[in-house]
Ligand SMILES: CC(C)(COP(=O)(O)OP(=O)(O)OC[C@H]1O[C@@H](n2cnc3c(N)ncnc32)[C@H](O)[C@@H]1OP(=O)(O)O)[C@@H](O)C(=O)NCCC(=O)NCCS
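This document opens with one chain alone, in structure tokens, the form predicted alone.
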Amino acid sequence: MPDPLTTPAAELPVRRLGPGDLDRCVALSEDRAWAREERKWLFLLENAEVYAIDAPSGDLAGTVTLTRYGTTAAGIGMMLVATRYGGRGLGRRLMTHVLGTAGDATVFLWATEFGRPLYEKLGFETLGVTEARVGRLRVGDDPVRTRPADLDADLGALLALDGEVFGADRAGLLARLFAFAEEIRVTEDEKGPTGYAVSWRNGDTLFIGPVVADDEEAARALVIDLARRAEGLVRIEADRARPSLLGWLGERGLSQAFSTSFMVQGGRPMPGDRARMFAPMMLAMG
């Protein structure tokens, strides 16, 4: 096995990972002082394309994920390089590999400040900034204004709604997310669902996303009703272009944990109706 300490990065082989690599992925996250996130990693390994460079020790020297949405869009995430292999070009090697497999799709990602210089060199442009908000969300005395999804009756309508808003095919992934989810809630009018949101658990934290709604009032209602089942921390990501939503989240007890730059290769416009997309599924996928 080539050693990333002595082999030029461009010559290092990249392989596709599977669920059997879960422990190695978690160990790499811990090496970079990230949370363990076993459940999230397993979902990625089962539903995205996870690529890695191996280390001679049997550990992973680096990882990156690619989530395809048909041929229209693709999300990149979990770009991690082990501490001892930093600064040797492994990140560029992994990124070049996944970009080469993405075809003509519009490729997007959320970048930390540490990773953003590399992505800029690869042609990515910043289109916005997203804040991760975490805390114990105060529900207060807000009335319930949404209903639980009935997937037997609602699935087709929800997938059609999401396709319109997201602008690319993620029906298969959403169906698997719904099975993975803690809860799915829906807003509706006389014609059927007008919005939906999903909560899913990762460790002790309840993540909320995606959130699709006609307006911010409906998005708030979805978030509040999903948070009623939270017994600990709640996390949601929201764009800084929505200051009133971020202000409301702050009033309800969710403070900024960190921020990331939303970047698209070539600065291409994202498909769909992003005005109705209030929170992504997860930063690693879109």
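All residue numbers are counted from 1 along the displayed sequence. Keep in mind that what you see is a predicted model, and the values were worked out from it rather than measured.
Form predicted in complex with the ligand: not shown, discussed below.
Figure note: of the listed segments 250-258, 31-39, 237-245, 224-232, the one touching the ligand in the predicted complex, with heavy atoms no more than 4.5 Å away, is 31-39. Exactly one listed residue, out of 115, 193, 128, 135, brings a non-hydrogen atom to within 4.5 Å of the ligand in the predicted complex: 115.
When the ligand is considered in the predicted complex, only one residue from 198, 158, 111, 73 comes within 4.5 Å through any heavy atom, namely 111. Although the partner is absent here, residue 119 sits close enough that one of its heavy atoms falls within 4.5 Å of the ligand in the predicted complex. Taking non-hydrogen atoms only, residue 86 approaches the ligand to within 4.5 angstroms in the predicted complex. In the predicted complex, none of the heavy atoms of residue 213 sits within 4.5 Å of a heavy atom of the ligand.
In the predicted complex, the ligand stays beyond 4.5 Å of every heavy atom belonging to residue 168.
If you take 202-227 and check each residue for a heavy atom within 4.5 Å of the ligand in the predicted complex, you get nothing at all.
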